[in-house]
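Here's a solo chain for you in structure tokens, the form predicted alone.
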């Protein structure tokens, strides 16, 4: 299992790297361009492309972050491995749910 988690974290990092750079670039563009939240939302409404971009971002983050936290908890605390697994699985699920809700809210594909 450790090998698969190691690979999953590295693969998600490879995907997240460019996504984070694009996201940060978009933030800088929006701030420098003086875009308001309402202008940004008007540009993202109904966009399958932005939904896919941020949907992928959410999925990768929901996998990547909890694996890293699991490693930190296993190395730095005396929590049983089962407890760290439950905590990090819960965190991953929470990130996935909240992130998906955010994507739907920003892109407006859900209604």
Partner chain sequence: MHPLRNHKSYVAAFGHRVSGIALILFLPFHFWLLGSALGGADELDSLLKYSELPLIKLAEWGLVMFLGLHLLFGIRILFLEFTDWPSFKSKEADKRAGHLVNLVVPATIFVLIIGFIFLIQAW
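If you're wondering where the values come from, they're calculated on a predicted model, not measured in any experiment. Numbering follows the first chain given and starts at 1.
Beyond what is shown, the protein has a form predicted together with the partner chain; the following relates to that form.
> Quick one: does residue 41 come within 4.5 Å of the partner chain in the predicted complex, counting heavy atoms only?
Residue 41 belongs to the contact set for the partner chain.
> Is residue 33 part of the interface with the partner chain in the predicted complex - any heavy atom within 4.5 Å?
Although the partner chain is absent here, residue 33 would touch it in the predicted complex, with heavy atoms inside 4.5 Å.
> Would you please decide whether residue 47 lies within 4.5 angstroms of the partner chain in the predicted complex, comparing each non-hydrogen atom pair?
Residue 47 lies outside the contact set for the partner chain.
> Taking heavy atoms only, is residue 89 within 4.5 angstroms of the partner chain in the predicted complex?
No - in the predicted complex, heavy atoms of residue 89 and the partner chain never come within 4.5 Å of each other.
> Under the 4.5 Å heavy atom criterion, name the residues of 61 to 85 that approach the partner chain in the predicted complex, in sequence order.
Read in sequence order, the residues that approach the partner chain (within 4.5 Å, in the predicted complex) are 61, 64, 65, 66, 69, 71, 72, 75, 76.
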